[in-house]
Ligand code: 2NE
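For reference, the chain that follows is the form predicted on its own, supplied as structure tokens.
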Amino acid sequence: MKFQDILYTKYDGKARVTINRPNKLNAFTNQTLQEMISALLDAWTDKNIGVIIITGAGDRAFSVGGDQSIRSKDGYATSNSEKSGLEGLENLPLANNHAMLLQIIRTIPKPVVAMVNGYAIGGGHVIHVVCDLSVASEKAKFGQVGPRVGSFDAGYGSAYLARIVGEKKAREIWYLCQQYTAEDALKMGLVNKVVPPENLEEEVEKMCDTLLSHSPTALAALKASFNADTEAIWGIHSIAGIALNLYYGTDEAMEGRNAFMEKRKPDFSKFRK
């Protein structure tokens, strides 16, 4: 399979999906998300694969979310480059492609492990949140930026996050848009393990080998059971996606995006009137 924005490898029962835009801190575009979806579907149907790893290229970022440089009032630009092979996805808004990716991560009957090597921010943070397990480098940083850049995730990124870290902490993460260290993330239950950067890959490989030594049917049934309790969030996420696509067309949303690109503090005061 040929990809532009990701690296996709399969080895020893594992599939690794790497967002390969390190010069953009692995910020994703529609193209990136479509390619990730295509790779995950391949891993789902490959009977030789028992576990999937998602990570970002380089040592600076897992992913910092949607690429703000291609965002306008019409939302995020679609790609004119080589298609992912999934007919029609190139015409979907980025929020819809992101939602589809999240749902596939949850639905695929194989464990998905996030290898967080740097910044996991915004929509990139949400990707790691919905993964079954997360292992973080000591240098990793976590957080949300939506209310600061004119965006939000009122589905998995907030409702499911609250199931993991609790209501108060989830509200803090979204309302204040602060960044948290890997140790902070470990204490709040946001990640499973924190290791030195040089040991990150080794630790993830060990975890995956353990998963591969266990019954695939048992793991699939357990994953389905864990998901069942929060499955209603998919409906909330779908409604939130409609709201987000409408919101992107407002002056309020563009003030956040423009301030980010211009490296200034946004002025949302007029939108409270």
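Please read these numbers as outputs of a predicted model, since none were measured by experiment. We number the residues from 1 along the sequence you see.
The discussion below concerns the form predicted together with Salicylyl CoA, not included here.
**Q** Exactly one stretch in 180-188, 194-202, 150-158, 106-114 has heavy atoms within 4.5 Å of Salicylyl CoA in the model of the complex; which is it?
**A** Within 4.5 Å of the partner lies stretch 150-158.
**Q** All three of T9, A43 and G50 touching Salicylyl CoA in the model of the complex at 4.5 Å, heavy atom to heavy atom?
**A** No.
**Q** Taking 4.5 Å between heavy atoms as the contact cutoff, choose which of C208, A39, A27, I54 touches Salicylyl CoA in the model of the complex.
**A** Answer to the contact question: A27.
**Q** Can Y247 be called a contact residue for Salicylyl CoA in the model of the complex at 4.5 Å between heavy atoms?
**A** Close contact is absent here: in the model of the complex, Y247 is far from Salicylyl CoA, nothing within 4.5 Å, heavy atoms only.
**Q** Under a 4.5 Å heavy atom criterion, is C131 part of the interface with Salicylyl CoA in the model of the complex?
**A** Contact with Salicylyl CoA, no.
**Q** Using the partner position in the model of the complex, report whether H214 sits within 4.5 Å of Salicylyl CoA, counting heavy atoms only.
**A** Flag for H214 set to no.
**Q** Using 4.5 Å between non-hydrogen atoms, is I173 touching Salicylyl CoA in the model of the complex?
**A** Outside the cut-off, so no.
**Q** Quick one: which residues from 93-108 get a non-hydrogen atom within 4.5 Å of Salicylyl CoA in the model of the complex?
**A** Stretch hits, in order: L94, A95, H98.
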